[in-house]
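Next comes just one chain, in structure tokens: the form predicted on its own.
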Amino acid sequence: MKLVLATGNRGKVREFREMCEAEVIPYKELTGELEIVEDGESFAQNALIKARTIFEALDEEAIVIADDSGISLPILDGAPGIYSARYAGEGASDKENLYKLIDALKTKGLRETPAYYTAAIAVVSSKGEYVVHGWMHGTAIDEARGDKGFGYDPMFIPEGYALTLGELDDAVKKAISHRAKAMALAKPIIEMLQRK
């Protein structure tokens, strides 16, 4: 059965291919561009919206995988949260989002504050819908350090580390990331659905 990923992000496609040890097809190769309105109130709801939209657009049996993720700061009432990708406005770049969050810390007079990443992965097929979560806790700081990773990585120091995700090696990030934790939970679900 085909595994279809509800993203065009090459990095995510590669990660899911490695996790599933199988061919994972970006949805655009099967459906072309689709407008997906992510209007859920949680990471789980938005991941399900993406997966359901792609599943319904396919004219063949498949397992559709989608994820939604972001960073949350309790001091900012959980912001940016589900709005992480558009924190500085629709169409904002990763850098614009990053520096808006850094500015929010500076406005509060904070050099650092607790923060966490959340990843929700939805798996949708004709045999059911499933959602799993992974988290990575740490500290958000008021400066960008390192040029690895993307998004808010340069301002996030994972628990137990002294470097930001922008400074840490990819191998370390893959082992501790919120997405890796969620993918580890999604893998047995995908394998079960492939056997049914």
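Note that the coordinates shown come from a computational prediction; the quantities given were computed from them, not determined experimentally. The numbering used is simple: start at 1 and walk along the sequence shown.
What comes next is about the form predicted in complex with a small molecule, which is not displayed.
In the predicted complex, Tyr161 stays away from the small molecule, with no heavy atom inside 4.5 Å. In the predicted complex, the small molecule sits beyond 4.5 Å of every heavy atom of Ser72. In the predicted complex, no heavy atom of Tyr116 sits within 4.5 Å of the small molecule. By the criterion of a heavy atom within 4.5 Å, Gly134 is excluded from the residues contacting the small molecule in the predicted complex. Stretch 64-72 is the answer when you ask which of 64-72, 124-132, 138-146, 51-59 has residues with heavy atoms within 4.5 Å of the small molecule in the predicted complex.
With the partner omitted here, the residue from Ala85, Leu110, Leu76, Ile102 that has a non-hydrogen atom within 4.5 angstroms of the small molecule in the predicted complex is Ala85.
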